[in-house]
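Heads up, the chain shows up twice below as structure tokens, two forms, tagged structure 1 and structure 2.
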Structure 1
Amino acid sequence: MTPVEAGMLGQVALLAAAVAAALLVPARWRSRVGGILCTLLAAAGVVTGVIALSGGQGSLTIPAALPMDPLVLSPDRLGGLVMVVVSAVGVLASLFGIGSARVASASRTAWASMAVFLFGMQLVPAATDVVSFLLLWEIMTLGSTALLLAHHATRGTVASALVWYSAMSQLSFFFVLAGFAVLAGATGDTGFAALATLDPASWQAGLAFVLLLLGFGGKAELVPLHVWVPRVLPEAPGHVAAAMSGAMVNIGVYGALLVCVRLLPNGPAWWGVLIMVLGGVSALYGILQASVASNLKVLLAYSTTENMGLVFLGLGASVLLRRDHATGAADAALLAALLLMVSHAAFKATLFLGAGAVARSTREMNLDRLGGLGGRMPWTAGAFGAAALGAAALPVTSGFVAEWMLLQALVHGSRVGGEVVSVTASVAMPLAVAVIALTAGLALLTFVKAYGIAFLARPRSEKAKQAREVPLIMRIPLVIGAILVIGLGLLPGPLAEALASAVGPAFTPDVRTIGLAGVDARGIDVVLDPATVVAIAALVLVPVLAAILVSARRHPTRVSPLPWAGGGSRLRPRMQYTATSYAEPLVRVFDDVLRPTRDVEVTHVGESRYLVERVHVEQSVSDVIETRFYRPVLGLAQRFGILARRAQNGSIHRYLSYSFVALLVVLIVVSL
């Protein structure tokens, strides 16, 4: 038995143990036992993935109950990489869940579903055929659905979120199923090795590509299939949201990589253009919605759409540039997409765990009612701050490394080796650079708002004033996540070499690691020198921090009120920016895209028309795609359903007439 086979068998055994513990262990110990077993299950996935990524081989054969070929699980290097990423997030989420799970989150259903969810995610990348892939995909989806269903009894809003998530998940599954069906029909086999023999230039390959891109894009939260995201993730507990946003979306990325790198490589140019359009629109729309959101979890959810859009932007650029034989730029763009995937898993899991810690301590996610948490929750504030730096792509985090490499690939993509590529690539690359520049600026504003208003401002509610740091078992995964965000940014060379080995042997020899200095990918110099960046950052930050410390010693905080208020009164919460007021300039600039609604209520003093006692201003920004597309479609379907009721009036004579007409139609069709 090879180590890979032993690792997959270990995951099966740990799944059975975790489900049994969730069902049988008393409530007092359920979270500890279930969390430990889920942590071990995810750790087994990390070990198995590392072995597969390093070149280890092995297969696990599962006999099928139906008259069909047995299911075979055998992760390759790319599957091993994704298994490592999703399993590492699973370790952090499971550890955090031991301390955060309460009431519904600590129920039998919740912990059993958590184990099933992790198991499905970890083994999807090990599938070698369509049937096993779809089976594990559905196990992952059902596990996450049951996790949300466990909270149905405690919060009524979960029901609406669950309906949207189930509908969009099954729509994605339908697209994936249809895409694989087209490939299987064209090749006569369901194995991935057989599907890879199809000519990418054929119409079957083009149709399958579009269907699979829609299916995997829905799981990766791409626009317009993202509408479940701002509903589901805010309702999920912190550790569940971290697993869904930090790990599950990467399964959608893996599906797209599977199609573009393994099954149908060297696709036509329009494939790359389509991927880039979906990625660019998703990145812009996601960060716009995140920048104006006042709910912390909604902000992070839309930020995931932005990050996944950048991943697909890099993947699309790779497909387009490879078609133009700009191999160096194509490899750099693909490597950037993998770096974005890995870095997103690190900082987004940490951000959602931090949001879960804030929710546990304050029972509040509205940024307008938070504030002052930095002094009350220093560990959470530090970890959330490090992850926010990564989400804003600032040095020296993994997010900066990934976006910098993507920018380098796009900048060099329009002209490689002195030769100009196609007109399509020459137009697409500058537009992609503009998209990244705009999203980077908006991301910085977004996370300055999220961190500054929640952790640095004065508390705006009693819940925020009474906040306390979370227990040690919850702080451990927060600190580990923050270390990963910074550590991956300090090791771009070794990380890039490991990621390059996952996408094929032809790429690996051309990736050269120069200490910590960076990567040279087939003639494209992508300089990533963290040592220099750290030195520059230290030269800037050390004097600033020294000035702050000296000023704090010379001018200690005044605890007594000033004798006069003329410009020197102490800062009060009402004098600070709120999340809504901070985002007001952006709302005005992008008014036509965001379509905000404002409600102003003025209360006058007594019967006076001129003296105002109170002004209440409320502003909300809804999802334009939901309100302008999905709502009208759902309304049309509902009206059709109401009309269809008239055909079912309880008359046996009418039902017999329907049957007779149907029989005539069938006979006519058969005779023709």
Structure 2
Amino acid sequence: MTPVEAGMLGQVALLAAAVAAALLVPARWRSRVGGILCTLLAAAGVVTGVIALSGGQGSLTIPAALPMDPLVLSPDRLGGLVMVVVSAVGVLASLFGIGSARVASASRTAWASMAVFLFGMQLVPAATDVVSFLLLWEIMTLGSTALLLAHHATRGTVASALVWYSAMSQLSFFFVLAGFAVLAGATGDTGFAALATLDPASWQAGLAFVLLLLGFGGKAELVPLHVWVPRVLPEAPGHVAAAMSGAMVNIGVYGALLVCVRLLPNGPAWWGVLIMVLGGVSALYGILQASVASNLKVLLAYSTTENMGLVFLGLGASVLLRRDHATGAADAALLAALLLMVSHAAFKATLFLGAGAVARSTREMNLDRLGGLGGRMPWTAGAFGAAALGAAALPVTSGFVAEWMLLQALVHGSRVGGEVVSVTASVAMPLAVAVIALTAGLALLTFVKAYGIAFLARPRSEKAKQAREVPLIMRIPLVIGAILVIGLGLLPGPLAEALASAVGPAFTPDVRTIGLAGVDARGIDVVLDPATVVAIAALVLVPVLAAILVSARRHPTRVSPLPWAGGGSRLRPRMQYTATSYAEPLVRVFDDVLRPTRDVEVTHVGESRYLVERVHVEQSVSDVIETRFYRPVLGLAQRFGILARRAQNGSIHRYLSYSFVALLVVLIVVSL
């Protein structure tokens, strides 16, 4: 038995143990036992994934009762990489869950489905044929649905969110199924190795590509299949949201990679353009919605759409550039997409866990009512801050490395050796750079808002004032997540090399580790060594700062009784900036896209027209795609449903007549 096989068997055994423990252990100990077993399950996934990523082989064969080939699970390097990423997020989420799961989210169903969800997610990348892929995909979806169901008894909004989630999951499952069916129909087999023999230029490959892209895009929360995200994630407990938004979206990315790297590499140029358009629109739309959201979890949810959009943008650029023989830039773009996937998993998991910690301490997710948590919850604030830096793609975080690599690939992509590679590329690359620039700017604004409003300044409500730091078991995953975000950003070299090996043997991006674990992308001749830069900066800055501090000590501190604030001190917390007021200029600029609804209610003092007693302002931003696209479609479906009700009116006679007519029709057809 090889280590990979042992790892996968271990995951199966731990799944059984975790489900049994969730069902049998009494409520008092359930979260601890269930959480530890889920952590072990995810840790087994990390180990298996690392072995598979470093080239370990091994397969698990599950004989199927159906008349078909047995299911074979055998992760390749790419599968191993995704398994590591999702399992690592699973470890953090499970650890956090030990401390955070309470009442409904610590129920039998919740812990059992958490284990099922993790298991499905970890083994999807190991599938080597369509049937086992779809089977594990559905296990993952069902597990996550049951997890979300935990809170349905206490909150009315959960039910409608779940309906959206189930419908959208099934929609993306349908697309994936249809796409694989087209491929399997064209090649006559369901194994991935056989599917890869199809010519990417054939019309079947094109049709399958579009269907699979839509299906996987739905799981990766891309526009226009993202509508479930802002509804579902705010309803989920912190650790579940972290597992869904940090890990499950990567399965969508894995699906897209499977198509573009493994099954149908070297696709036509329009594939790349299509992926880039989908990714670019998602990135812009996601970050715009995130920047004006005032619910912390909604903000993070939309930010996932943005990041996944960037991942797909990189993937699309790599497909397009490879077609145009700009191999160096194409490899760099693919590498950037992978880097972004890994870094997004790290910072988004940490951010959602941070939001979970805030929710646990304050029971409040509206940024307009938070504030001042920095001093009250220093660990959470530190971890959230580090992850927010990553999400805003600022230096020394993994997010920065990823976006830097993406920009470098795009900048170097339109020309090879001074020659324009193609008209499409020379139009698409600058546009993509513009999209990323705008996205990066808005992301910075968004996360300044998220961190600044929630953790800095004074508390805006009583709940925020009474916040306490979360227990140790919840702080550990937060800190690990923050260390990962910074660590991967400081030492990107080894990570980039591992990622480059993962897409082999089809593609072989030429990256090396340089300097202090910096990254050297030789294909496009760019070098980034954050650790060295930081070290040099430290060498310069430490003496300077020391000198400043020493000289500052000599002068006495002047205490001003009245800080400058338009002539008065800011006594009341309500006079501070809120999330809504901070985003106000943005809402005005992007009024046409966001279409906010504002409601201003002015109460006058007595009969006076000039003296105002109270002003009540309410602003809400709805999802344009939901109101303009899904609602009309749903309305149409409902009208058909009402028509169908006439045929299905409950009368026994009518049902009998249907059977009778059906029988007669069959008989007539037989006798013709």
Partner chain sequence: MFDTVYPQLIGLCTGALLLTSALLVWRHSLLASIRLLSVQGFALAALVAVIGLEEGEAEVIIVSVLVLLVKGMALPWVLAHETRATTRTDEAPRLNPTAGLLTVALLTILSYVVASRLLSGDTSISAHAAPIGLAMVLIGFLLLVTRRQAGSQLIGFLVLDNGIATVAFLTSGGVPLFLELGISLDVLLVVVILYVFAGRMRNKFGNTDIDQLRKLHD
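Residue 1 is the first residue of structure 1, and the numbers go on in sequence order from there. In this text, the rigid core denotes the largest set of C-alpha atoms whose superposition between the two forms falls within 1.5 Å. Here the structure is a predicted model, which is why all the values come from computation and not from measurement.
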- Message: Can you tell which of the two structures I gave is the form predicted on its own?
- Response: 1
- Is it true that residue 611 shifts between structures 1 and 2 by 2 Å or more at the Cα, once the core is aligned? yes
- Query: After the core is overlaid between structures 1 and 2, has the C-alpha of residue 662 moved by 2 angstroms or more?
  - Reply: yes
- With both forms fit on the core, is the shift of the CA atom of residue 472 between structures 1 and 2 2 Å or larger? no
- Shift in Å of the C-alpha at residue 550 between structures 1 and 2 after core superposition: 8.7
